[in-house]
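Take a look at this single chain in structure tokens; it is the form predicted on its own.
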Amino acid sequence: MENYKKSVQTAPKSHSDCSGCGLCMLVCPMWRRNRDLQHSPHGCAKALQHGAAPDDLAEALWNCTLCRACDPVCPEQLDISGMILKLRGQLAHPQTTVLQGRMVAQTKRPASACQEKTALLAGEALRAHPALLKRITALLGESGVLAVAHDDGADISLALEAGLAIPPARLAAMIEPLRRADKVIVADGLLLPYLAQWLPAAQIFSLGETLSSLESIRRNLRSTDLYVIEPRAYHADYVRLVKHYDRLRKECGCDFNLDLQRIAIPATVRSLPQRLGLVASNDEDQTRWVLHGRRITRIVVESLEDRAAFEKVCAISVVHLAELADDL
């Protein structure tokens, strides 16, 4: 595996550079769900070019799932997801005070430095499944000593998704304990490009890529599996990771949640209000669309959020990637 940071774009363009080709609409779950031009990256960019203010686009901006599928297909190489986040930062959101309060509270908690060379930022979903987290820790620790970070930045991730600035004290409380780590593995795909900036001396990898690189997992993938890639991490490092998953497909023969452009189709399409619990999540239509026409016997997911979504709509066995590993 190569360092994530090698493929990070350093000079993103703005909405004014949008040519209006509409390719982003082909991969946008927000457009597919609403069938409203405003609810698409193309629509937002064109509206801004014609003088619209962020407040005029508030509903579309909050409904964006930040799956990042639009970023790699843009021929102008616009940082579309970055544009969405910047525009969100100019809007008022009812949860802003709550999110800021969470960051203040987390800053006050005592932090211990990571003493190992590899750190795992597990995230809230994985921490809620301690048996699976223990299994993942054991798997990743086979090739070296691994430490599970006490502070995985869950509050920072939500604040970033809301377009909020991260207080320097809060950022330092999360990052300083990780300074000794040479390698950081993160379950939350939204954090990957930010960690690459905040920890320039470390190599940053997604949990999905790391686990799918293990031989004890790869050999247990079947040709009748549907492997569901976590889209945020994948699209943030698309140029490199598309090669990783191509190799995996050729080796194991399993199907992936990829379209003809090899863009990862999200299984869950949750807006920020849904992630904050203000609106009920509804992923049934999306997961059925991902499954449509496939002949599979098992679904393998990188994200626990995706596992829950698939289990609601089908009787096919759904397993987390780490559960494929040989008994430890």
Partner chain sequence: MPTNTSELALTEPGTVGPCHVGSDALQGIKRQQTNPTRWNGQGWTEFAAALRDNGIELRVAKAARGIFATDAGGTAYGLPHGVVIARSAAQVAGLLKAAQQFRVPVTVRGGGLTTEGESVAFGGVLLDMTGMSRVLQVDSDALTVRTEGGIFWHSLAEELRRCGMDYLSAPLNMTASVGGTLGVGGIDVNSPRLGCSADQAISLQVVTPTGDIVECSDTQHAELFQRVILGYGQFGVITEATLKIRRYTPLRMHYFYYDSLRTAVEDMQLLNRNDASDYSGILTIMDCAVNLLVAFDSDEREAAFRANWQRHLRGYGESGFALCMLRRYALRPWKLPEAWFLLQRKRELFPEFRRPEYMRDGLMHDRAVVFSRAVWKFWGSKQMVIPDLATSAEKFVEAVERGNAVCRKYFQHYTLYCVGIKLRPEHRPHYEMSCIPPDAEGWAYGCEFEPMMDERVYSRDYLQSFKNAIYDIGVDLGGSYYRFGGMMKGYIRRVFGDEVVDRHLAMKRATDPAMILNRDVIF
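Treat the numbers as computed from the prediction; the structure is a model and nothing was measured. Residue numbers count along the first chain shown, from 1.
One more form of this protein should be noted, the form predicted in complex with its partner chain, which is absent from this view; the next part is about it.
Contact with its partner chain in the model of the complex, defined as a heavy atom within 4.5 Å, holds for exactly one of Glu124, Asp182, Glu176, Glu76, namely Glu76.
Taking the partner from elsewhere, Cys21 is found to have a heavy atom lying within 4.5 Å of its partner chain in the model of the complex. By the criterion of a heavy atom within 4.5 Å, Glu116 is excluded from the residues contacting its partner chain in the model of the complex. Residue contact with its partner chain in the model of the complex: Gly51 places a heavy atom within 4.5 Å of it. At the 4.5 Å threshold, heavy atoms of Leu37 reach its partner chain in the model of the complex. Only one listed stretch (191-199, 164-172, 246-254, 100-108) carries heavy atoms within 4.5 Å of its partner chain in the model of the complex, and that stretch is 246-254.
Against its partner chain in the model of the complex, the set Cys28, Leu61 and Asp225 makes no contact: no member has a heavy atom within 4.5 Å.
Interface residues of 56-75, taken as those with a heavy atom within 4.5 Å of its partner chain in the model of the complex (partner not displayed): Asp56, Leu57, Pro72, Val73, Pro75, in sequence order.
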